[in-house]
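Take a look at this single chain in structure tokens; it is the form predicted alone.
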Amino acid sequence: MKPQLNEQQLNELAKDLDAIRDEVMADVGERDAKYIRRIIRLHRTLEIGGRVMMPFGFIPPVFAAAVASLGIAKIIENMEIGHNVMHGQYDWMNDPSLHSQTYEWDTVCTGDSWRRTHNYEHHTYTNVIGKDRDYGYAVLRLSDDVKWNPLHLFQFANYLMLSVFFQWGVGLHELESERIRRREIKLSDKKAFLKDFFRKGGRQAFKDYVFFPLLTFPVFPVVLAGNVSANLIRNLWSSTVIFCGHFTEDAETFSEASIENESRGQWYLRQLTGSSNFTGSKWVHILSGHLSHQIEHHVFPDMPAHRYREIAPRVEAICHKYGLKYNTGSFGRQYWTVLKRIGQFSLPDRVRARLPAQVA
């Protein structure tokens, strides 16, 4: 059952969260600049280390170390640097290389496409069925808001394919293939997007699967295999982190009608109840780009993400104050509920109704 707050409670909720935001943003400065610069140095060191070790990957332990180093470098660049920089978390530094509107990250999806589909669409319409296309990525049924059809029986295979090829799926997200299938738009309407997609995707593929392997000839098969493995590690980790942020058992969904004339308090309430966290070590948080604190990220998307760990207890206390569930748990538990949700909603409604513990 969705939580119900009256207008006064919603106004107070907004004031409480605004107070946290104002306090932290007033303190943002050199500490945050030093943090992101340390992370960038770490990313560069890991990438160079991985690239240098890769030609010697015919020695199995070196191959494992090279793949791990390059894979972690890609994860850090995408999650803790790229994602957060493009949210404008470091625009105040006035560093052109860290500006939200010009940053281009090491993945197939163009920065411009990400800013449209993620920063605007997903963060504006979080978990609103029919508006937030990140909810299920148009290939997964995760709530009763989507009518079941026999193709949903195979959605676990769709989930696996999406995870393995996640950077390509995200890169093609703006194509809106489901709307093309429904003939609401034409493929030709996406001509400009497809041009950018093939330009960026081709460049990424050339770099990892042609340039670096040929550069290390005659050991190019080893380097090619290592680069494929590093990209696979990044794809599986980033997709799992993102799915744990909104597809967990208790993450709420919303109708388009429910957000009409939405107040600031109602917007905050939707972000709090539509998102979910997971716990872990300092490095788990860093490697997730601090999307382990998806709740804090959704209420304060332009706040430097490494601050989320510090404010999380205060956000949790506010949730308890208003009787709201603070959706958190271990990484393993949250991921299990994601898998359970995907599996249960793949079944016909009459079959799912007989299951002992259903996802709402």
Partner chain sequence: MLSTMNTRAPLRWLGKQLFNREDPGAFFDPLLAALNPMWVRGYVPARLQDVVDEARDTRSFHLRPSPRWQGFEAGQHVNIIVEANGVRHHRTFTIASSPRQWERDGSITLTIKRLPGGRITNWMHDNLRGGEIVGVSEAFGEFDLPEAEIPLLYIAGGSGITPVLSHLATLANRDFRAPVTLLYYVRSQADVIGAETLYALAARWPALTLKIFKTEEDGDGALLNDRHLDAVPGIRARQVYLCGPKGLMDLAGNLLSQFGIRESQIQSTFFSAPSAVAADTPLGGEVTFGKSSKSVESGGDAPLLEIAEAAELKPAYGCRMGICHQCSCRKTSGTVVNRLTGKPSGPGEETIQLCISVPQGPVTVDL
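Numbering follows the first chain given and starts at 1. Just so it is clear, the structure is predicted and the values come from calculations on it, not from any experiment.
Not on display, but discussed next: the form predicted together with its partner chain.
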**Message:** How about residue 94 - does it come within 4.5 Å of its partner chain in the predicted bound form, if we only consider non-hydrogen atoms?
**Reply:** yes
**Partner proximity in the predicted bound form: residue 101 to its partner chain, non-hydrogen atom cutoff 4.5 Å** = yes
**Message:** Using a 4.5 angstroms cut-off on non-hydrogen atoms, would residue 349 count as touching its partner chain in the predicted bound form?
**Reply:** no
**Prompt:** Heavy atom to heavy atom, is residue 207 within 4.5 Å of its partner chain in the predicted bound form?
**Reply:** yes
**Message:** Between its partner chain and 131, 133 and 325, in the predicted bound form, does every residue show a non-hydrogen atom at 4.5 Å or closer?
**Reply:** no
**Request:** Note which of 165, 212, 159, 193 lies within 4.5 Å of its partner chain in the predicted bound form, where distance is taken over heavy atoms; exactly one does.
**Result:** 212
**Request:** Name the residue from 143, 216, 239, 119 that puts a heavy atom within 4.5 Å of its partner chain in the predicted bound form.
**Result:** 119
**Contact segment among 64-72, 325-333, 28-36, 312-320, judged by heavy atoms lying within 4.5 Å of its partner chain in the predicted bound form** = 28-36
**Request:** At a 4.5 angstroms cut-off on non-hydrogen atoms, which residues of 179-203 are near its partner chain in the predicted bound form? List them in order.
**Result:** 200, 203
